[in-house]
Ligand code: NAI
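Have a look below at one chain only, the form predicted on its own, in structure tokens format.
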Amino acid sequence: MVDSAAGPVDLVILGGGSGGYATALRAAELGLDVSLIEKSKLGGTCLHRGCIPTKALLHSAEIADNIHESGNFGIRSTFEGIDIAKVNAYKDSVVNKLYRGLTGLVNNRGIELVEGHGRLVSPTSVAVGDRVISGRHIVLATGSQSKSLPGLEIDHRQVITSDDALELDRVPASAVVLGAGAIGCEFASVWRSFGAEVTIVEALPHLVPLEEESSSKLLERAFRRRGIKQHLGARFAGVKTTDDGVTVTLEDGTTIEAELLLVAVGRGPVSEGLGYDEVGIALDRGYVLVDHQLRTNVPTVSAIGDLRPGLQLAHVGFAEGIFLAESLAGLNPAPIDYDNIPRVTYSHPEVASVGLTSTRAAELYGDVVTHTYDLAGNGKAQILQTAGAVTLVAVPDGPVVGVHIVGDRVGELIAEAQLITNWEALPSEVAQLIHPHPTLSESIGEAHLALAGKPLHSHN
């Protein structure tokens, strides 16, 4: 191996996904010399195999739903089917446009992009092929990958991951989705909109089980109305593949036949075989352990994004990248408030939340108060023909600590909700704010009016 002739740079980043490239962009903006190493394509999982392509599919699915439902709005239309090749071409065009823009940004900021498989070889250096790149500080940002269950073998044909699902050249006639988190619910929603028979299997009692229970129940009801079958509180026992598809067996003896099985039981860290152990980085089940400054137990090495324990969200990676770059540049950025990070499941309907669930809030504060505002009282929701609700969680005579929303397009509302929980607003303070009418955002205002004791279009 040969050392980089240019000598050590300020920052070597292993992994060019959301966290890695955010660190690189901000660090370069602050005048640091940066080498960014990526084995595949700049942008990582989110851009190429996650957030962006799945949301493009969900938009195609929304258009299919609009055509099916157009008669309800007085529009005559005919649905002729799904041209999956064109759907995929649209999806890929969105990804490619964003990829070109990101590549341009990295080049314009003078960041060295090194293509290849990197491996940590010392507390201050990463090897890529025959080259060793040294830096005053190393950032590990190697991300995550799809997980499976013990004994459940992925064949990438009939038993597939979300990566495989994005590359399908057909709409499956039927599918079993194992796991009811965001990934599972989003693919179930897409395939159902495209005409597939879909069954979700989840070991926990609810869909999106980490969300407020009332939100989960609203999504379950909406999915049932759409014809998406659900086996909740049901444990997977095994799967057999045949020429025609799969037979999934649950522990209670139930069998489900389908064309394919999507395994969506979560994502695990990409850390094996990358030299972390040898350099002495502390790990737990493959996750890199960090302190509140995102530093590992090795002083010159930090870790961000899906690689460290916690929420696996692209916007967390962005925030951590900015925070870490500013810290390494000698600034004193505000710490990241992990309790108030917005979360969205982009199914039909969407589930969005920020802050604490009522259960978690009760654990922290004892007594809590909640209020649910039904979207039936919201004019824009009635125009859009979407059902759902806003649920607020607050400390008695204190701030709002959680906002939970279900309905179409509600992901766009969660940014306002984030301001409410992060700034520890009182219900009475938010109730004073005037929301435009008719908008879905009014539902945020109406919920706070009710919690402040002066409901308008709802009962207290």
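Start at 1 and count along the sequence shown; that's the residue number. Everything numeric here is computed off the predicted structure, so don't read it as measured data.
Only in words, not in the display: the form predicted in complex with the ligand, which the text now covers.
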Looking in the predicted complex, any heavy atom of Val265 within 4.5 Å of the ligand? yes
Although the ligand is absent from this view, report whether Pro123 comes within 4.5 Å of it in the predicted complex, heavy atoms only. no
Touches the ligand in the predicted complex: Gly101 (any heavy atom, 4.5 Å): no
Can you check whether Thr199 is within 4.5 Å of the ligand in the predicted complex, heavy atom basis? no
Within 4.5 Å of the ligand in the predicted complex, counting heavy atoms only, one of 305-313, 362-370, 320-328, 134-142 shows up; tell me which. 305-313
Within 4.5 Å of the ligand in the predicted complex, heavy atoms considered, which of Ala387, Ala182, Val128, Val106? Ala182
Let me know the one among Val344, Val114, Ile336, Val298 whose heavy atoms come within 4.5 Å of the ligand in the predicted complex, would you? Val344
Contacts with the ligand in the predicted complex - residues in 50-74 whose heavy atoms fall within 4.5 Å: Lys55
